[in-house]
Ligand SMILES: Cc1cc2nc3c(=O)[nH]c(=O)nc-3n(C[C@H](O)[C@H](O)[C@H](O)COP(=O)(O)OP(=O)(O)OC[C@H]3O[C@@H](n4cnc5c(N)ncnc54)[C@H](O)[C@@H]3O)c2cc1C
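Only one chain is given next, in structure tokens, and it is the form predicted on its own.
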Amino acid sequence: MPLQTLLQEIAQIVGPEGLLTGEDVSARSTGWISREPMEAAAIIRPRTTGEVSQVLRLCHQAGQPVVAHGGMTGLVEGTRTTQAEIALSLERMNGMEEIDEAALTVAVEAGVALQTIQQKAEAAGLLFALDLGARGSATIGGLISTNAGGNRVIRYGMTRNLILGLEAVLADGTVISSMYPIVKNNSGYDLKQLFIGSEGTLGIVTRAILRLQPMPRSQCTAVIAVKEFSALPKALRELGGALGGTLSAFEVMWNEFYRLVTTPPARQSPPLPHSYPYYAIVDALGSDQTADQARFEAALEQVSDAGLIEDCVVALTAAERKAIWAIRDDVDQFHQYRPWFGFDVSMPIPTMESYVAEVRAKLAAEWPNHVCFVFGHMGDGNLHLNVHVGSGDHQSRARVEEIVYAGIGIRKGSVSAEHGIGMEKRAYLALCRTPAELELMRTMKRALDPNGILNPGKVLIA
């Protein structure tokens, strides 16, 4: 079927506002990093799961490639499209049902922004535990499809731990609805897991039932400074034990990153001097602000007396807590060093120090004036590295990637902790996946998308 004929049929399904072409496509950017004009044959904007099903059925029959779009905050080119592809945006599917306050669940459509979910849960005295810097733009469908992590993984887990039910549409238009609002469901294969983290290559997520938590009644936050890396895991362990399961975040910042986000033009001021090699934001969520604050400060004093931390600032007000977290979230400062290459990797915590030293030594050998900002959710083994070497050409990027990923396999780590694979990491997936695992992934792809129309060229190299 000719593309224009296909688009005419699709327009009959989604209506005139559901089909964008020409300048309406190029006016959008490809993502948060590149900001380049989008290329696509069209952007389709369905309003319902039924419309998604009809659109995919037509595209499956025509062999037309389709790439699902959410909030476009991804970092691995997982939503990049070409002139030959159709973008399927879930932006108009942004409905939320009423929160079930007894079951602690809420059903949402894929296009709802994370911050909207958080705010609605908070209004009901509840918490949706997933949180990350792009909360205002990132949509739940994209977060599910990439199995996003964020700031609270050490307490609440990844996105997949917060999903009870899921609805997705297969390449041929078949709707798979596993919308069960229950925690324990041991009735055969857990089909929703096929789509969580599959980056839109096996099906397009359209709805989900999210697991909520009672809203914590206290929050305690501090910034600590540490002289040696070896003290960080020890401090993490001691604080975790002393805080009795309330520890929710342990965000580590290497000196260069801390300086970047607490020096003008950054808006944040440094709560601690710039003279320490490592810093960490410690956050705990509990039930009694007065009692928890006292326990929090006592725990910090305990690790200080043990010689594990050199300095510390404790937030005493909500405004001070917000200011501390603004330091960690100010990733826009990387744009001072365009072009930059961003990475998210994971590995056992004891191997992190040698890994960062190894990467920096290799970068310095080829680019003496390079910059490497390191920070991350160290409590769950996740590091982010943002590298600037001057040039942004393909050859430089490829070499930086080789350096960053070279030490992952030997440390039993992953080339992607939470951002997914997309196009950027396909060539390196074999560093953390066995040949048998990769072949099983290809088998699943062939079974669910035999014509290869869903997000082609992403995650797997055929």
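Given the structure is predicted, the values throughout are model-derived calculations rather than measurements. Counting begins at 1, following the sequence as shown.
One more form of this protein, predicted together with this ligand, exists but is not displayed; see below.
Of the listed positions (L239, V387, A138, V359), a single one reaches within 4.5 angstroms of this ligand by any non-hydrogen atom in the model of the complex, namely A138. When you look in the model of the complex, the only residue of S346, S248, T221, T79 with a non-hydrogen atom within 4.5 Å of this ligand is T79.
At a distance threshold of 4.5 angstroms between non-hydrogen atoms, T262 is out of contact with this ligand in the model of the complex. Residue contact check for H69: one or more of its heavy atoms lie within 4.5 Å of this ligand in the model of the complex. In the model of the complex, this ligand sits within 4.5 Å of a heavy atom belonging to E418. The shortest heavy atom separation between K192 and this ligand in the model of the complex exceeds 4.5 Å. Looking at 304 to 312, 275 to 283, 127 to 135, 210 to 218, the stretch with residues near this ligand in the model of the complex, meaning non-hydrogen atoms within 4.5 angstroms, turns out to be 127 to 135. The partner is not shown here, but in the model of the complex the stretch 72 to 98 reaches within 4.5 angstroms of this ligand through a heavy atom at M72, T73, G74, L75, G78, T79, L90.
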